[in-house]
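Take a look at this single chain in C-alpha cells; it is the form predicted on its own.
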C-alpha cells in the first residue's frame, strides 16, 4: 500500500504566486541552490527524514525559474530524501541540460553509482552537519567520499551552523576536495558582520582559496523578517565584496522547513542588487561563479 504523504502541519508551503522581480537578472543567471521534493507518490521520502515537506516537483521548479527570469538551476539533495537521489536524477535528466545537481551518498556508494550520477549531471555531494537535522555527523564518511569524488572533479557542499565552526574549522580545511558552504555558515545576524564570529568564517574562506560560499537564504537567517531582510544584507555583502569570485546565490525553493513566513521568491531576486551592488559583481555571483563550478565546459568569461 502506498504511504499517504502528509506535510508537517507547522511547515509552510512555497509561495503560490511569487511577485515579478523588479531586478532583471542578467541573461544566463543561475539559481545555484534549490530543491525538488517528490512528488512523494512517485519518489518516496526517506523513512528516517526529520520533516515531511510539500510536493515540489521539477515542473514547478522550471516554472519558477522562467517566472524569475533565470536560466539554469543547481538542485541540491535535501535531507527529506536521504541518499535516494531518484527525484534529483529525474529532474536533471529532464532539464534540457539546464540543471546540475548536488547529491547525497552513503559510504558504500559504488563507483558505478557515482559514474551514473555524474552522467546525469551531478557535480557535488552534500554533507549535513546541522545537528538538529541529522542523527550522526558524517566525519569519517566525508573524508573517504571526498577522496573519491575529487577524482570526478566534484566538490563538497557543507551545511553547518556558526557556533560549530570553531571545532570544525581545521577538519573542514583539511578536506581533499573543493568546498561550497551553504548559506554563509548560518551566522547569527543579531551580531555584527565585523564581529569575531563572522570574522572566523571570513578567515575560513581566506585560508582556503578554492572554497566557495552561498550568500543565500536571508529568509532563513533573518530575525528582522521580510521583505527587506536588512539584518542579513551586511553579512552577504561583505562576502560578495571580499570574495567576488567565490560566491553563489540561490532561491532555496521550495524553502524547506520554513515556519516563520512564506518567502516571496520575486523579493528574494530583488535582494540580489543589495548584496552585489555593481553589474560586475552581479555577473560573477549569478553567472561566472556557478558556471565555472557546474558547467565548466560551457563557461567563458565575457560570453
Ligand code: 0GY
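Positions refer to the first chain, counted from 1. Just so we're clear, the structure is a prediction, and the values are computed from it rather than from any experiment.
Form predicted in complex with the named molecule: not shown, discussed below.
Taking the partner from elsewhere, residue 73 is found to have every heavy atom lying beyond 4.5 Å of the named molecule in the model of the complex. In the model of the complex, at least one heavy atom of residue 256 sits within 4.5 Å of a heavy atom of the named molecule. Interface membership of residue 243, defined by any non-hydrogen atom within 4.5 Å of the named molecule in the model of the complex, is ruled out. At the 4.5 Å threshold, heavy atoms of residue 215 stay clear of the named molecule in the model of the complex, well away from it. The putative spot formed by 132, 159 and 220 is fully lined by the named molecule in the model of the complex; each residue has a non-hydrogen atom within 4.5 angstroms of it. With the partner omitted here, the stretch from 121 to 129, 88 to 96, 145 to 153, 222 to 230 that lies within 4.5 Å of the named molecule by heavy atoms in the model of the complex is 121 to 129. In the model of the complex, the named molecule lies within 4.5 angstroms of at least one heavy atom of each of the following residues of 148 to 187: 159, 183, 186, in sequence order.
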